[in-house]
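Quick setup: the structure tokens below cover two forms of a single protein chain, split into structure 1 and structure 2.
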Structure 1
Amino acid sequence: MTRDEAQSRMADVMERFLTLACRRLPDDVYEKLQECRDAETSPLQRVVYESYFENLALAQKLDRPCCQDTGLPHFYIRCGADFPFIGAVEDALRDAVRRATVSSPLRPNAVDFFTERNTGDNTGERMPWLHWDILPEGSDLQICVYFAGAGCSLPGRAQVFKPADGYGAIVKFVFEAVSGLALNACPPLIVGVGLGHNIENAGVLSKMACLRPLGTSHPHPKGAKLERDLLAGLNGLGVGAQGLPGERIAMAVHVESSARHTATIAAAVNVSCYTHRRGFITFHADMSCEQSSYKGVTL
């Protein structure tokens, strides 16, 4: 297969995958949303959740995105060093985004920063956003597609503390950030917390935390306990779906971390709304592919 053939193949598949991902929640998110609905005791909360599921059903029935804000397309890429078509990936993804803007349809959201003009096709300067991890071994290309909406993950928070502030400062920061972001983000949320050494590092980690499959935990026991404690604490705030009184502001809290400097503690928070539109797809060296987010779907 030539590079041009591989690029065309990837663009075709990714256009279909983008359409799928903007219309249907991944299975783990849908199932968790059902759990949240079933656990609520407030009649008002039950009405809100029923409207959520009605919206999701209509998106399938009418072949339309499940939220009017289809966000900005983000791609988080893990590429094995032996994948033969790495040079075709960016062009293929840009082409897929242009096509999906029409076929899905995706709302044109990309605005050139200095001309202040909408590009009309969700592409532009460094858009779609690509985050690369190059793996030293392997020949697979793993792509996480994420639609970053203006009411949820785009208005994140980040701050760097002194070690003297203590780890309690992180907890206070997370609560303040989630409380400030929640009303615009359509709870129940997925809360991503990044812990590291500077704002850039913590911010990326917080976004990657949001994208983790639900049901997974931080590998360190203290990190996993922090996730559980933050989830319990946030869900004790008395805020539920759509920011109304309820029992669950969050479906999950995920923490990702890195080593830090001796003199800094950096923390960042990103949140994703109940329409957490992210999907995982893998291309192999022969350009065959498989997706792992939606049961019963073949691309």
Structure 2
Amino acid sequence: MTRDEAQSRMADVMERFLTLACRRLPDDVYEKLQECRDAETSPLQRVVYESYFENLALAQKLDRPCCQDTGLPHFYIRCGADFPFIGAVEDALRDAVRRATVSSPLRPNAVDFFTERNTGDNTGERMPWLHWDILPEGSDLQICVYFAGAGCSLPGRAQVFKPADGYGAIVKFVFEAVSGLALNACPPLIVGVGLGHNIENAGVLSKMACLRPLGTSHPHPKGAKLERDLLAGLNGLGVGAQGLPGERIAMAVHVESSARHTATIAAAVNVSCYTHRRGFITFHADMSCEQSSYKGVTL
């Protein structure tokens, strides 16, 4: 296969995958959302969840994006060192975004700085947003697609603390972020917490935390416990779906960490709304591919 062939195949597949991923929730998120619904008892919460599930069903039936804010396209990529078409990936993803904007359609959300013009096709300066991790072994390309909406991006924040502030500062910071603007971010949320040593490293990790499959936990037992404790704490605030009175403001809290500088503790919080549009897809060296987020769906 030539590079051009690989690029055009990837663009085709990714256009279809973007179209799929903005229409339905990944299986793990859909199940968790049902669980949250069942935990709510108030009539107002029932009204909200009825709307949620009716809308998700309609989106599939009418073949449309489930939320009008299809966000900006983010791609978190894990690329095996032996994947043969690494140079074709960025152009392929850009093409896929451009085409899906018309064919899906996606709402054109990308506005370039300073010209302040909407580009009309969801691409622009450094957009789609790509994050690369190179894996030392293997020839697979794993792509995680995420649609970053505005409501759920707005509460995001990062701060660097002194070691004297300890882990307590992290806890406070998470509570502040979630009990503030996150009420408007269409709860129940997935709360991603990134721990590192400066804001951009904590920020990237907070995003990776959001993207982690539900049901997984931080590898260190203390990290995993912090995730559970934060979830229980946040869900005690008396806030439910849509930020209205209820029981579950969050579906999950995920923590990701890197080593920190001995003299700093950085924390970032990134939240994702209930329409957590995130899908995993893997391309092999021969450009065959499979997705793992939506059972029973072939691309």
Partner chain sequence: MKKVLTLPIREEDIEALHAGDVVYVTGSIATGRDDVHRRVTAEGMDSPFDLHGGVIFHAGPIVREGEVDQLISVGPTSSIRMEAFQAQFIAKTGVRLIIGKGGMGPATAEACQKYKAVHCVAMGGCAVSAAGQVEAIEGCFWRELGMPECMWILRVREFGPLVVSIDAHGGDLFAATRAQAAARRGTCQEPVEDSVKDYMTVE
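Note that the coordinates shown come from a computational prediction; the quantities given were computed from them, not determined experimentally. Between two forms, the rigid core is the largest collection of C-alphas that superpose within 1.5 Å. Only residues modelled in both forms are compared. Counting starts at 1 and follows the sequence of structure 1.
- Structure 2, not structure 1, is the form predicted in complex with the partner chain.
- In sequence order, 153-155 is the sole run of at least 3 consecutive residues whose Cα positions differ by 2 Å or more between the two structures once the rigid core is superposed.
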